[in-house]
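Here you get one chain, nothing else, as structure tokens; it is the form predicted on its own.
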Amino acid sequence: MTAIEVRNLTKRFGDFVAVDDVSFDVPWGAVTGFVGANGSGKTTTMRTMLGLAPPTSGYAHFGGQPYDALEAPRTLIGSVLDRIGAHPSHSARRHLMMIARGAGLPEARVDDALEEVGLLDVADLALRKYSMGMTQRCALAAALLGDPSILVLDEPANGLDPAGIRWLRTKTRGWADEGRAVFVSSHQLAELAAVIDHLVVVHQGRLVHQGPAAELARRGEDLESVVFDLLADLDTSAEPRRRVRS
């Protein structure tokens, strides 16, 4: 069984097809990069997978079950999709404590998660005083509260400085090496290319490639260049994103 199974996932907004019959697998013990240009449907796919937007058709299963059927979803899946959603006057510790209590998680996990993302020393500082990178780390801490075995991360490098991106690469590789499944989206592949094992590429809402990253980079070129060339070719040759009429 794969960690995440997505089959024939489609999401329409009126006559606009944002995600178009997408199917792929995310394996355990690997970093799976979810790659595409801005507007390619990555965030909509992730939101639909996690039940934040109902699919028009198709499904996503986590460990064999849809997200809304999981009894304790935070213990299986940790996600970073949107803005942190915390009151700016709250501290990171208070924000995570509220999430832990609401999810029925041990409060001891709060400091564990803050330490894992390097925020324990500033855990009581108001979030309005955090930099963008610190805010992103706080969002990652929230995803880690349930010690999940699957991580779904949408553009987690946003706001991180070069040292933060290097830290994220190390953490991402470490999570996968522990046996977790890490599904991470990016439109800047260079940020995470060095640690990606598996690759899912989308263009205009459609799947254009999935498989081991080494297969796509077999020409000896770096992964970012190969994917960039693939997407550039599709920009000139692919049919425009389709629309449907009700």
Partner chain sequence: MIGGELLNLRSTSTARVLLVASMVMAAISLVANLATFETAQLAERATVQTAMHASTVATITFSFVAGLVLSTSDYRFGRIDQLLLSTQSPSRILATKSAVGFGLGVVYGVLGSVVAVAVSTLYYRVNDAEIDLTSATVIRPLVGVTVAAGLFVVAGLGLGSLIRNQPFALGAGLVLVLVVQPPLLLGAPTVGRWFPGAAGLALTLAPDSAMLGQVAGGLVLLGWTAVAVLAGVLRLQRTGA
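Numbering follows the first chain given and starts at 1. No experiment lies behind these values; they were computed from the predicted model shown.
Missing here is the form predicted together with the partner chain; even so, the following discussion is about that form.
Chemist: Just to be sure I understand the contacts: of 216, 207, 50, 37, which is the one whose heavy atoms reach within 4.5 angstroms of the partner chain in the predicted complex?
Modeler: Only one option qualifies, and that one is 50.
Chemist: Counting only heavy atoms and a 4.5 Å cutoff, which of 175-183, 23-31, 61-69, 192-200 contacts the partner chain in the predicted complex?
Modeler: Contact criterion met by 61-69 only.
Chemist: In the predicted complex, does residue 150 come within 4.5 Å of the partner chain, counting heavy atoms only?
Modeler: Residue 150 lies outside the contact set for the partner chain.
Chemist: Verify the contact flag for residue 97: yes if a non-hydrogen atom of it lies within 4.5 Å of a non-hydrogen atom of the partner chain in the predicted complex, no if not.
Modeler: Yes, residue 97 sits close enough to the partner chain in the predicted complex that at least one of its heavy atoms falls within 4.5 Å.
Chemist: Flag residue 85 as yes or no: does it have a non-hydrogen atom within 4.5 angstroms of any non-hydrogen atom of the partner chain in the predicted complex?
Modeler: Taking the distances in the predicted complex, the answer for residue 85 is yes, it comes within 4.5 Å of the partner chain.
Chemist: According to a 4.5 angstroms non-hydrogen atom cut-off, is residue 74 in contact with the partner chain in the predicted complex?
Modeler: Yes, residue 74 lies within 4.5 Å of the partner chain in the predicted complex.
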